[in-house]
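Two versions of one and the same chain are coming, encoded as structure tokens; call them structure 1 and structure 2.
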Structure 1
């Protein structure tokens, strides 16, 4: 079967530009990861020393583990809520567009503002959530590991659930009406309709949403930095924060380069796997 590859002619300039733009930072990162620097302008070859040190470091494994745990918890809640809300909006179909507009407002909020707002909202004396909590004897304490994690997860769910809702709603709108009519005639249950009609049709948009949200969750930095500065101790220090601290505060470019390469090797296989899943769901 012959395929029309004309589209590649239009994509080639953009793809070439992206390769050129991405090549220099990538090679700089790899170059730093195998060298040690002195005074910022003198470099010495150290080979795999920075990688070995990273894998031996409890700080590295702790930050990576916290990042993965955060992504699993946060994305599980976001996708569950996102699918549920999108399904309700689609089947009710009353002012759905207006609700989507309201739900999209958190997406327009800058990350640093999100962290700032939630930190002050949880303040026991001046914050609205803190004040409401004190009424029922539940006083938020951002010096507590439990409260810090709860705040970061709730904040991330508030910030990004609407992203999943919008994509899922678009997926619902694309499902042909006869599918639902046939299910109704056959007497299919609500669960059967969701399991065998809606979920398979949402597979592609959910894969795209999961790909984007995984990449973003593994890079979370600004919001927890504003809320807890990585504390108490290092309980909310995530991988990206460890990387930024190594590069910008300790100015250890070699170790930071190695951490960046490790992060890249973590994200690329996940992205490729989800991309193949998305392609497979389209029969390609």
Structure 2
């Protein structure tokens, strides 16, 4: 292993790209968050005004709260179900690996298509799930908060559970067979095998999956926009939708900047914790 500053030579293209496309726009938003503008081109310093406004804004806290609630519900189902399916695929299912191709399809489906198909599927007469529900007198109604939330969560479970399945399956494949044989000779219970052999071996892939899924579910936007446009009223408006509304429709860049900064201050520490966990678990 070399200790060498030429490493930065290899890093320069990536670093330059990320600084220009990522860091510079981010700093622009930070800049907006402490300024106000006249006629869109003359800026002056306003200090923490936008932050105070954001902290007092029920729209912001509402959207943030809904986003966190959505992420918790949706990720719990995705990870529970995902681990369960990966386990069945690995231990029980004939030709388990052959299923992965089909399961990967939702991940590669454009988000607008996901939103479109789930919205139309819930139509009480012409939607495949709605019509099915109507037969047994459970009629979906996308004007009700409960149905909108149920639809968005089922949609997200459909969309992303495969991600956990594929990563966990790869984790399972890497567990040496003798581990399981030894456990069987010892008469270990299914739960003990899962808890003490499988879970430790899956820890790394699960952390990777969790880190990415937390980030992505907190920025969900296109799909719920297709399902309900944030409604009824604001009951399904998530953080990204609120932010886009503030920045692009109300052109309130100061408040949008403050919202962005507060959001990052909340998300980065969580990610850092998970990141340490992940890097720690493979000894790098």
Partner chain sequence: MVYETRKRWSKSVVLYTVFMLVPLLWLAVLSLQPNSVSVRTANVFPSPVSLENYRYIFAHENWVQGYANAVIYVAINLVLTLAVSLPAAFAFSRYRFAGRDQAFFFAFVLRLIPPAIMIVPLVQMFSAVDLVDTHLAVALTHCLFTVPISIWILEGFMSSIPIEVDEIAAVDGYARSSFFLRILLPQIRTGIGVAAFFSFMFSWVELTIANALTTVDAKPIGVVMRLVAEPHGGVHIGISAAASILMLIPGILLVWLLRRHLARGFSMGRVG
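Under this definition, the rigid core comprises the largest set of C-alpha atoms superposing within 1.5 Å between the forms. Source: prediction; values computed, not measured. Positions refer to the first chain, counted from 1.
- Shown as structure 1 is the form predicted alone, with the alternative form given as structure 2.
- Core-superposed comparison between the two structures: the Cα of residue 273 travels less than 2 Å.
- Summarising the core-aligned comparison between the two structures, the C-alpha atom of residue 21 is found to shift 3.3 Å.
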